[in-house]
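As a starting point, one isolated chain is supplied in structure tokens, in the form predicted alone.
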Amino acid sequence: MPAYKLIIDGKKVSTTETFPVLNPATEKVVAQAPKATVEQLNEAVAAARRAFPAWSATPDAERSRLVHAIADTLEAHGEELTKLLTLEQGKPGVGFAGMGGAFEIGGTLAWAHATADLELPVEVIQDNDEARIEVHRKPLGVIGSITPWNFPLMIAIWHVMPALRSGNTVVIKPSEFTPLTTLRAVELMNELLPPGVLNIVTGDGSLGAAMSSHPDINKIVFTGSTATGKKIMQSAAGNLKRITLELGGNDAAIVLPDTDVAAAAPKIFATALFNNGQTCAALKRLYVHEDIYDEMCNALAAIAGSVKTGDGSVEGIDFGPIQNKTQFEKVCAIASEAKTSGARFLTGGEPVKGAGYFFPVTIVADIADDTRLVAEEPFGPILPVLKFSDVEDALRRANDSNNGLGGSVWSADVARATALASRLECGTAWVNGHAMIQPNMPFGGVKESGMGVEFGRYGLEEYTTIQSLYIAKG
């Protein structure tokens, strides 16, 4: 097994203890990851704080150049990183509709290059005989990044690149389920960055808790569960650190009766089930008008019946395993409860026997809104399809959730769909699409789906504070 180490102040650092990383397709240990102590976290934060003055003073063009260079380096190691993703996360290299590990690498590169080109110029809001008033965006200091296991590398880039681009230094802690790809990526980035600018520590949730309460971390950016996000928000109050939280979603889609089912069904399937449904912004509740309900159910079931679930390292596999045992057991329990409630299973519904956390793509019809599968985010390869007759009722049901990450409306009448989509209670609404996120469009949740936004200029601003500069002329 390769030896993995922390990166603190530009140096590889060993730990006394390690923890196992499993391949979810085999349940076998593929590596031992370093288990950082709180003292080593303190060392990483101290290194980031020492590096901050010089990094924040680095010319803007040079920081842009280095972020582009990071993307180029990751691209050069794309094959290696893709294999690591399959090994520890489970996703196939290619996967269904080309949205496997290579897709994650592609997104990683796209976001890094796009972020490198962002700028936050000085804004002049007054310049007259009395005074010149400028608004400057200044970096916050040390950013603590806590990332999840569903897209280990891409979400790390979502956190780290805007932090570096805006002049901050970083300490990142990846999920203990998927630390390997991020450890390797940070090692590669440190070949380009000054020591201490980007540090990585690995461990369990207690290390993340120590980060969120750390007095010398100025901001936490976290992607993960709502429950953990609430704890981070409480812990961050100690030094009033800034927070960006991208939390759970239970995205609803409303399919109007004029929708072309044959054209829409493949798109709906892909945006609901890609990455095995382990995607915050995936479509998770599908409300279909009664006139086309059976047609849509049959179309989705046909696609589900055509795909292959298995070990992501095997060629031709569309969907890999669920990433970890806890999530696997949750999906199994949710499916079982849906069956007990009388829901109609069109495909799947039972875990695959044998080693690995395999659960087939599952389409569920004739299910009640209060069933756990509908009321909770399953975060797995299972999609409930619900019938409606009145559009206003469908909108009410779609909005009847504590979550508010994304939502969509599907229709041949774009104007009507757009008007309805604007009434969805979510941070991002799509028309005739879902989960279509991109580097120049802000993304974030309302309600209990988060706080703040990521991506583009709006996301970059969240890594800065405003300083107003008043220059008297009288």
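Each residue number is its position in the shown sequence, starting from 1. Model, not experiment: these values are computed from the prediction.
Omitted here: the form predicted together with a small molecule. The next part is about that form.
For this session: Name the stretch: of 356-364, 220-228, 161-169, 72-80, exactly one has residues whose heavy atoms fall within 4.5 Å of the small molecule in the model of the complex.
Result: Careful reading of the contacts points to 220-228.
For this session: May I ask you to check whether E246 falls inside a 4.5 Å heavy atom distance of the small molecule in the model of the complex?
Result: It does: once the small molecule is placed as it appears in the model of the complex, E246 has a heavy atom within 4.5 Å of it.
Exercise. Quick one: does S212 come within 4.5 Å of the small molecule in the model of the complex, counting heavy atoms only?
Worked result: Judged by the heavy-atom cut-off of 4.5 Å, S212 is in contact with the small molecule in the model of the complex.
Exercise. L207: heavy atom within 4.5 Å of the small molecule in the model of the complex?
Worked result: L207 belongs to the contact set for the small molecule.
Exercise. Are any of the heavy atoms in P148 no more than 4.5 Å from a heavy atom of the small molecule in the model of the complex?
Worked result: Contact check for P148: yes, within 4.5 Å of the small molecule in the model of the complex.
Problem set entry | Of Y287, F379, F103, F96, the one that lies within 4.5 Å of the small molecule in the model of the complex (heavy atoms) | By the 4.5 Å heavy-atom cutoff, the listed residue in contact is F379.
Problem set entry | Heavy atom within 4.5 Å of the small molecule in the model of the complex - residue from K330, R397, K267, H113 | Flagged contact: K330.
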